[in-house]
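Given next, in structure tokens, is a single chain: the form predicted on its own.
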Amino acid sequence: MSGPRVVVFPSVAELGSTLAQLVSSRAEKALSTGESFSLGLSGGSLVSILSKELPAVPSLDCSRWLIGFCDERLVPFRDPESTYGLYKSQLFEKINIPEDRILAIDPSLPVQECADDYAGKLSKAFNTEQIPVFDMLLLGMGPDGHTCSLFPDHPLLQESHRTVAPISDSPKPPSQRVTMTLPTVNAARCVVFVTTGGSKAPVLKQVLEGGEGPALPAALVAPGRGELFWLVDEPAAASLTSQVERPGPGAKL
């Protein structure tokens, strides 16, 4: 990895359109040389952005996509806190993704068993006992600098062996979750953070430009052999002093 590309957009709408094009282009690239395109999704504002913009991509074919989740709350799929449930109702019904190519947790299991079960699903889907290598992961960042369900000062930041881990003491409810670990995130071929809103400006500056204290979880995302993008809007970028890109309308990354 040569360093992150920080790309600033005037609005969430322009950011969303470029994100959809970036996902589509990376899918085409992966499918030109392989049998599938593996994409890891996160919740939060990404759900509404992707649900609006991805179906608008012309001639989008998702039939060979493989979708996983970077983290998930241990709640029933019908619960509004379920990331899978939100994507199922808002996005998956709009695109031609086969249901058996969507890797969801089993929320009926206790959290440790749920994490082990999900790690097994990833191993089977990727046909490996090693760390699965996703073509692309889409991540968000909380105002405390957390990403996935990896929170500041949490022991899971030191996890070096498991691909998926349980968390029972999330400082953000619901407390029980399943999350990809940093080794899995950093094995991806492309990682894209999406960060919007002025409330994220201070933490975005700390993550990208450094600050006092231990590195925040989002700052620990550094794909060893992959690309790293930060797609942010102007309010989120307001405090940055480092070099950023500001592409023109319709530009592709």
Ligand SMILES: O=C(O)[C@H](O)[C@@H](O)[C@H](O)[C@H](O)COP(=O)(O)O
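Counting begins at 1, following the sequence as shown. Note that the structure is predicted; figures quoted are calculated from it, not measured.
The form predicted together with the named molecule is left out here; the points below concern that form.
Figure legend: unbound chain with the named molecule modelled from its position in the predicted complex by local C-alpha superposition. Site open, with zero ligand atoms within 2.4 Å of backbone or C-beta atoms. At a distance of at most 4.5 angstroms from the named molecule in the predicted complex, none of the three residues Ser11, Lys205 and Ala236 contributes a non-hydrogen atom.
The shortest heavy atom separation between Lys94 and the named molecule in the predicted complex exceeds 4.5 Å.
Of the heavy atoms in Thr181, none are within 4.5 Å of the named molecule in the predicted complex. Residue contact with the named molecule in the predicted complex: Gly140 places a heavy atom within 4.5 Å of it. The shortest heavy atom separation between Lys200 and the named molecule in the predicted complex is within 4.5 Å. Annotated contact segment (heavy atom within 4.5 Å of the named molecule in the predicted complex): 65 to 73, selected among 220 to 228, 65 to 73, 50 to 58, 29 to 37. Along 142 to 170, these residues reach a heavy atom to within 4.5 Å of the named molecule in the predicted complex: Gly142, His146, Thr147, Cys148.
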